[in-house]
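Next comes just one chain, in structure tokens: the form predicted alone.
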Amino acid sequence: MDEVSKIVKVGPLYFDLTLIGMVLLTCLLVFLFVFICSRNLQMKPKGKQNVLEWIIEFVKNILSDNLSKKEVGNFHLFSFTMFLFILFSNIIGLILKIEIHQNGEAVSFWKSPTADPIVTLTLGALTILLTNYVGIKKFGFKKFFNNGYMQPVSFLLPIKLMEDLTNILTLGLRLYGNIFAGEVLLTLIAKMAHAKGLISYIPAIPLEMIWQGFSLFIGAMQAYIFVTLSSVYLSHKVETEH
């Protein structure tokens, strides 16, 4: 896919304006979704309140499968926020496509934030850093290091350290690969639609709709997988049996 983002240079630094804008927009959409769904809460929920409460319980169940009951409450808000951000990020690129051709290049002004490896690897790194931080905070550095990196035998230390790096790559690259591949295929279908006029346009319509529906499913699955893996990695750092 030969599209590029809008890049500006400020001093020695380069800023991806497309990516920054889409991340901010996603954060705004998540905030509005929660704000609107949490207005006029009732004891007997209905409509939008049902949707919000279903998502809250869904994320709580993911954590309950991997963490002890007392730890679920400590990380529920983080996982809920992460799930919504990734879900909205995955979907937002399916809704619209804005490209402006400049100097022979298709400059993109709208795409999924998670279709960029910088965003997904940053999310992965933040998650792994958080798991180490809460582990150290709970056990103290010495006990955490001994339990997490020196057991069952000390010569496995390099492998244990590499495990944190591979966990970041697992979280980040899986999410990026799935969302980026989905957007590439949507772009190729759109190009196919314009290739032969009406002859290619007609079959491309149902094909685009089918792939968009499948991409919605993949986007939701990737948000679920990210939160599930995060809770697994978290359990390795905060549960005493480890």
Partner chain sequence: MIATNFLIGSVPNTFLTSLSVVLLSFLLLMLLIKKFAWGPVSKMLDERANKIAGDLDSAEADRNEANRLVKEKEDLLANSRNEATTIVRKAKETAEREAHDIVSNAHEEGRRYLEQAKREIEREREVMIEAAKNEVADLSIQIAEKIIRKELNAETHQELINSYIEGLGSQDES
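Residue numbers count along the first chain shown, from 1. Predicted model only: the values in this text are computed from it and were never measured.
The following text describes the form predicted together with its partner chain, which does not appear among the structures shown.
Peer 1: Quick one: is Asp65 in contact with its partner chain in the model of the complex, heavy atoms, 4.5 Å cut-off?
Peer 2: Asp65 lies outside the contact set for its partner chain.
Peer 1: Against its partner chain in the model of the complex, would Leu52 count as a contact residue? Criterion: heavy atoms within 4.5 Å.
Peer 2: Flag for Leu52 set to yes.
Peer 1: Would His76 count as a contact of its partner chain in the model of the complex, using a 4.5 angstroms cut-off between non-hydrogen atoms?
Peer 2: Close contact exists here: in the model of the complex, His76 approaches its partner chain to within 4.5 Å, heavy atoms only.
Peer 1: Report whether the minimum heavy atom distance between Leu123 and its partner chain in the model of the complex is within 4.5 Å.
Peer 2: Yes - in the model of the complex, heavy atoms of Leu123 and its partner chain come within 4.5 Å of each other.
Peer 1: Sort through Leu19, Ile225, Val232, Ile218 and report the residue having a heavy atom within 4.5 Å of its partner chain in the model of the complex.
Peer 2: Selected residue: Leu19.
Peer 1: Do heavy atoms from each of Leu24, Leu41 and Val119 fall within 4.5 Å of its partner chain in the model of the complex?
Peer 2: Yes, all three are in contact.
Peer 1: Hey, of 135-143, 95-103, 155-163, 110-118, which bit sits against its partner chain in the model of the complex at 4.5 Å between non-hydrogen atoms?
Peer 2: Looking at the partner contacts, the answer comes out as 110-118.
Peer 1: Which residues in 64-96 have a heavy atom within 4.5 Å of its partner chain in the model of the complex?
Peer 2: Counting only heavy atoms within 4.5 Å of its partner chain in the model of the complex, the contacting residues of 64-96 are His76, Leu77, Phe78, Phe80, Thr81, Met82, Phe85.
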